[in-house]
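The form predicted on its own is given below as one chain in structure tokens.
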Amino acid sequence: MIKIEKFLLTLSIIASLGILFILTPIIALFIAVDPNTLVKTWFTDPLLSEQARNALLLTLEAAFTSSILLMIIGIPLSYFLTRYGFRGKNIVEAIIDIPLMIPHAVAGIMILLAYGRRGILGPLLSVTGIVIEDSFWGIVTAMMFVSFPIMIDTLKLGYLSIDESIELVARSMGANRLDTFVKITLPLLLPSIVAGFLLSWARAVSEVGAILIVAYYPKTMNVLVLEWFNSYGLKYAVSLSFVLVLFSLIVFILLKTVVKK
């Protein structure tokens, strides 16, 4: 009994240190906020507040759009990867995870080479009126690229957690593949869909390196934080960061509460 208690105590200490490691920067940020600068940044100074609000709204809108598009792509792609075997499947899965290993600035350069005006698909996109450089869709593209493996891997784990025998039973009772997928698989996958959306959204909101290369304008929150840090100093950068971190914490807490229910 004593040995077990010592073991649990050791685990608790290590776990607490891990939580403290993450929590300390958050606490430090909240302590560093200057109320006067915060009010000036978001309310009283028209020039600063307009920049801050526009950047925040743009970031949230682009991240939401990115996550929705990834969800539309990810649900069928992850199903295919988990339910079917084919030659070269390991290569496909490795390709999907490549964005996890690539430096953010390099990812931005790759996106320009692929989808920019002079990129491989640039002429095709220009016909449709889509411009990547310094545009909303450039920001969404950068966010999608870095978030892609997170969405796919999360949905794959969700599919793997679903017992295939349930689907087979539905098929044996006369349901076709589409009905089985819509009425059986998707409802069971819903928690993973929410988790994938949440994680992809968070990754998109946090992206800055690729966006700096692809679309410096219009400015997202992260780009504005860097700009204000260089132009106005730490206090103004903290005022921007505080609101974004606070908003993210609230969203995560609410969504995790909903998922648990």
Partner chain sequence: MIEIKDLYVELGNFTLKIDNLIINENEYLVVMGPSGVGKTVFLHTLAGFIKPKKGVIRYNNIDLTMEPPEKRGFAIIPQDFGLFPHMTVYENIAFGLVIRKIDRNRIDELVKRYAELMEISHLLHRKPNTLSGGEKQRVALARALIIKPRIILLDEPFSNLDPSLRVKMLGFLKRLRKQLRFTAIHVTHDIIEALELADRIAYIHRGELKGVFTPSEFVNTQYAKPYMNELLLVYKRLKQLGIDNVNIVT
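Residue numbers count along the first chain shown, from 1. Note that the structure is predicted; figures quoted are calculated from it, not measured.
Just so you know, the form predicted together with the partner chain exists too; it's not on screen, but the next bit is about it.
Heavy atoms within 4.5 Å of the partner chain in the predicted bound form: does residue 188 have any?
Close contact exists here: in the predicted bound form, residue 188 approaches the partner chain to within 4.5 Å, heavy atoms only.
So in the predicted bound form, does any heavy atom of residue 89 sit within 4.5 Å of the partner chain?
Output for residue 89 is no: heavy atoms all beyond 4.5 Å of the partner chain.
Heavy atoms within 4.5 Å of the partner chain in the predicted bound form: does residue 171 have any?
Contact with the partner chain, yes.
Is the gap between residue 179 and the partner chain in the predicted bound form 4.5 Å or less for some heavy atom pair?
Yes - in the predicted bound form, heavy atoms of residue 179 and the partner chain come within 4.5 Å of each other.
Tell me, out of 166, 106, 71, 98, which residue has a non-hydrogen atom within 4.5 angstroms of the partner chain in the predicted bound form.
Filtering the options by heavy-atom distance leaves 166.
Between the options 160, 125, 102, 175, which residue brings a heavy atom to within 4.5 Å of the partner chain in the predicted bound form?
For this set of options, the contacting one is 175.
Just one of 125-133, 143-151, 180-188, 110-118 has heavy atoms within 4.5 Å of the partner chain in the predicted bound form; which?
That would be stretch 180-188.
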